[in-house]
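For reference, the chain that follows is the form predicted alone, supplied as structure tokens.
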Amino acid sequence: MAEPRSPVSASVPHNPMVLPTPEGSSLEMDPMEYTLRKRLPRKLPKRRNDVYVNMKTDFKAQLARCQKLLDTHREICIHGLGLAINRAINIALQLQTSSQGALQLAANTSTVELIDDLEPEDPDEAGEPLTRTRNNSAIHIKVFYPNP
């Protein structure tokens, strides 16, 4: 019989993160001393026919919203970021299938720059809030009825 394992945190070495600074040097920080706060991404201009897909909202609700928009618009644009890319593609394909091929799709991919805030856990410490940028993949799918 195998012995129980010790908690993962006990076996993982404590590695500090190294962040670049604006001056070009690097800053070593302890990740246990900071709280990560992810900012919302900068969005494209919000139009009535734009749908921003996420992983928190129910899939069927997002699909129903897209179908309802297609009742009043000839085209909609579905946007997905990061993990929501698969869901955005799935919604577009479901819309195309339910229309018996009447709808067409045009997809574009991009990279979106995101900004994260690193706030110190203890405000009394000498640490100051930091920001870091990272890139994330995005997809923009145009779902439309072709001209007759």
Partner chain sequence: MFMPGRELHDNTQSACTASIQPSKLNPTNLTGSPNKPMQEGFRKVCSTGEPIPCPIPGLASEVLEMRVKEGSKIRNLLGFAMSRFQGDGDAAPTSQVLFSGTGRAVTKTITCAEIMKRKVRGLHQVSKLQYRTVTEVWESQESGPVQMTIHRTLPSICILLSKEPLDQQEPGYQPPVETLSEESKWADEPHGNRKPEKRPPSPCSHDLPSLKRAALEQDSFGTSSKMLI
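Given the structure is predicted, the values throughout are model-derived calculations rather than measurements. Residue numbers count along the first chain shown, from 1.
Not pictured, yet referred to below: the form predicted together with the partner chain.
Proximity of Ile89 to the partner chain in the predicted complex: non-hydrogen atoms within 4.5 Å are present. The closest non-hydrogen atom of Arg37 lies within 4.5 Å of the partner chain in the predicted complex. Using a 4.5 angstroms limit between non-hydrogen atoms, Val51 is distant from the partner chain in the predicted complex.
Contact between Ala106 and the partner chain in the predicted complex is found at the 4.5 Å heavy atom cutoff. Taking the partner chain as positioned in the predicted complex, the residues of 75-98 that bring a heavy atom within 4.5 Å of it are, in sequence order, Gly82, Leu83, Ile85, Asn86, Ile89, Asn90, Leu93, Gln94, Thr97.
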